[in-house]
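Below sits a lone chain in structure tokens, taken as the form predicted on its own.
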């Protein structure tokens, strides 16, 4: 009987709601969420919706679009040889990022992840390119590979050869772009791997060494499996970033020579915005957005799903 009397009365649904509204977490949500939603709607949702509408018009960006063309912009885009080359170039960037940039970043991370003064200096050196703005990186490399001055010019003079302009050669212009991309971004992925490697328990590494494992075996069977989540995230950033390459290409080659070094985004800028073909550019943007969303969704479903 005493136990029954001591049982507290269960709070009603109204009381529970009142307590939640007066709690600090709910107050913070009510205060901070509306401004964030407003900004997200104005600068993300609204432009995306506008692009989805403008993609079906032949519009130059002025006044209200009235010339409805249906899927003509998408058909023109799919049949344009320069757009096809741009897609191939973006796929090349993805391949180079996955096969060259990320392995290089992982190798360097394995060499300098330990906390020592020397490794700190090397991390700073390798991370510096990522700190540079993309436009600055493109401009720096445009001077380096110029045939009249810079490193390439010095090499050709030293060898007694004629000046050679890499960015004017259709066969090598985009290769130069990919070299700059690897140089610019491998430090970012290296730091992701370093942070993950520093979280690997030292006792697991010591136990493997006591069992007679070599350095390579420790890396293969202990360290890499332990940093697998970091590698998955790094690959995701690399693929999505490759689809958005723009700032490095414009100052380095501007899509040339003969439109051979365009990526999807530089193609959008050159053949859409710069030529006041806003409807056509919107169609390209919508296509790129759908591609990026599909990549993100399928990648997360395949590799980033939490185990049951």
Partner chain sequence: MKTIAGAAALCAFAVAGAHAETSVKVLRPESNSPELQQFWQDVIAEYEAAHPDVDVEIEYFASEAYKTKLPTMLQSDARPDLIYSWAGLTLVDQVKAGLVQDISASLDQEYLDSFAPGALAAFSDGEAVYGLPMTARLVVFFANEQLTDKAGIDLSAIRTWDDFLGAVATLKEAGITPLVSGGKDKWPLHFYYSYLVLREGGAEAIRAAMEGDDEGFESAPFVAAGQKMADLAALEPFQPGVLSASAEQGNTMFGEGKGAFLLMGDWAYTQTIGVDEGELLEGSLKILPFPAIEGGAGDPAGTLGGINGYAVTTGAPPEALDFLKFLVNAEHQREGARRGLFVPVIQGTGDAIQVPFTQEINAMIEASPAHQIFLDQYLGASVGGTVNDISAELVSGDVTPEDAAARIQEAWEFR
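No experiment lies behind these values; they were computed from the predicted model shown. Numbering follows the first chain given and starts at 1.
Just so you know, the form predicted in complex with its partner chain exists too; it's not on screen, but the next bit is about it.
- In summary, the region of this chain contacting its partner chain in the model of the complex, judged by heavy atoms within 4.5 Å and restricted to 97-105, 144-152, 197-205, 210-218, corresponds to 144-152.
- Site residues 92, 175 and 300 are none of them in contact with its partner chain in the model of the complex, judged by any heavy atom within 4.5 Å.
- Put simply, residue 62 is close to its partner chain in the model of the complex: some heavy atom of it is within 4.5 Å.
- Although the partner is absent here, residue 170 lies within 4.5 Å of its partner chain in the model of the complex, judged by heavy atoms.
- Taking non-hydrogen atoms only, residue 283 never approaches its partner chain to within 4.5 angstroms in the model of the complex.
- Though the partner is left out of this view, residue 269 does reach within 4.5 Å of its partner chain in the model of the complex, counting heavy atoms only.
- Contacts between 237-267 and its partner chain, taken as any heavy atom within 4.5 Å in the model of the complex, involve 251, 252, 253, 254, 257, 258, 259.
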